[in-house]
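To begin, one chain is listed below as structure tokens, in the form predicted alone.
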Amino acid sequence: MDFILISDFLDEIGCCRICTLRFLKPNIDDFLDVENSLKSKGIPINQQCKHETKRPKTNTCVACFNVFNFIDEIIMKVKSSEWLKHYEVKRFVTSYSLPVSLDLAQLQIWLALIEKFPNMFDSERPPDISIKDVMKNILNTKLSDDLHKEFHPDGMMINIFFVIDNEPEMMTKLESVAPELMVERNKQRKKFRTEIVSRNYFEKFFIPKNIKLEKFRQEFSVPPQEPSSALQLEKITFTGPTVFVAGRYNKFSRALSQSPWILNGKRITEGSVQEVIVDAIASYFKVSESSMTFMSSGREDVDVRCLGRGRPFVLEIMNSAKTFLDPSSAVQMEEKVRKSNVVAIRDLQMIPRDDLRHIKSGEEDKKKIYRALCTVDSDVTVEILERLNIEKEFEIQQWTPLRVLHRRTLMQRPRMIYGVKAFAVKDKPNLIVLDIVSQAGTYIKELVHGEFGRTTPSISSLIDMEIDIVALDVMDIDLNFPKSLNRT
């Protein structure tokens, strides 16, 4: 590839130095020192003097519309923003919203390069490094130095929006240039009411291979002329990172749902485990409760307590102002939850996103331990106790219970019962306590009473007698997550 010939042509049509380099097959880091990168490709600096990187308002780059001139302004606005103080983070990432007109300009230059240098450029593979990638490389490096923060995908997001006034007018012309390419897009617009053409759609379909040059030239110049409307920096916004806080909870109430229980706009239970926990944590991360998503390793019914080590849970916190949780603040949160008298939490800690797999995967592989207080039709005998002291694991077949059919698919599921122990209750001859170790996903209430034969075998069928649950507790969930913390 003759870099000097291409450079001369790009300079002639009105490209700035950065954009000239974009079309000369550079490495992304070459943009940190544009002049030396051009020199390394044999292009004398005096040969690239017509269009400086910082060009006057009356001399606009036909490729980038002078977008790179905004870098210093962006840095100044970011540094002076009150939002920068709001987010107590050590990392950042940038996001860019650029007009599709820049993609159109790239297509115009692409077509011109193919026409001028047919053996050097491809009709399917873009001829340049994108403006967005170059902008990220230059701006992220400068921001990292000025903000003393590390660029990282999990950091605070700085959202930078550019607009251009005549964008709709330019995009409307695409209808006549390539109507066949707009058919699918028009369907999407009717369905989602989106812009005329999105960047993704343009980049995917509007390439020289799909364009008839003669028809294209009826609406657009090849190569492009200096833009009639100026590019504007519309706004800069900030979005906090998404962080994850894990712990284990106990539920001591038999009248508390795990998540808010609302039916036909009316609350069924007064509160929920989720609300008690979220209320104690939201203010620390400076977020609203709606910015937090509660996840757990299964759930217990409203009338079931969760005791022992508790149930593992994770809070996904979007737009968080912090990426750390100091131990003293975690203890304060745990104490606040404990004062509710219905919920307690422990081992509160930050976790990386990858650790979500512990909550989400292997749902049916975990073991859960339950304690059920049951009543039988007659006095509990030694024979009943012997029948229900089962050390050997066995499989049951369980149809979806009638009580959850409104939210669960009707199907039969195999489940493993790993052991049962039975104990008599002193001075209560018709009561029995069952300790049950089961596969996660087993419906314990139906395992006990059988639900009209929909669970087989059941505790009822094993003793050939009607039996029902009076009270049920979750005693343990066999999942060592999150790690146990020894806090004093």
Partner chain sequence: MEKFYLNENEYPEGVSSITKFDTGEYPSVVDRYFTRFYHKKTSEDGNENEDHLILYHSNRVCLIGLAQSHIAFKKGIVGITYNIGNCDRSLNQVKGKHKKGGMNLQPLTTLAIITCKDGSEYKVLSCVTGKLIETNDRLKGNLNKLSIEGSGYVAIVLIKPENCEKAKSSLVSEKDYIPSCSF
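Please read all numbers here as calculations on a predicted model, not as lab measurements. Positions refer to the first chain, counted from 1.
What follows is about the form predicted together with its partner chain, which we do not show.
If contact means a heavy atom within 4.5 Å, which one of 113-121, 153-161, 350-358, 301-309 is the stretch that engages its partner chain in the model of the complex? Correct option: 301-309.
Can you pick the one in L231, A372, A105, L315 that has a heavy atom within 4.5 Å of its partner chain in the model of the complex? By the 4.5 Å criterion, the partner-contacting residue is A372.
With a 4.5 Å heavy atom cut-off, would you call F70 a contact of its partner chain in the model of the complex? Flag for F70 set to no.
Any non-hydrogen atom of M76 within 4.5 angstroms of its partner chain in the model of the complex: Judged by the heavy-atom cut-off of 4.5 Å, M76 is well away from its partner chain in the model of the complex.
Is it the case that L21, even though its partner is missing from this view, gets within 4.5 Å of its partner chain in the model of the complex, heavy atoms only? No, L21 is distant from the partner.
Using a 4.5 angstroms cut-off on non-hydrogen atoms, would L385 count as touching its partner chain in the model of the complex? L385: contacts its partner chain in the model of the complex.
Using a 4.5 Å cut-off on any heavy atom, which residues of 241-257 would contact its partner chain in the model of the complex? Contacting residues: F252, R254.
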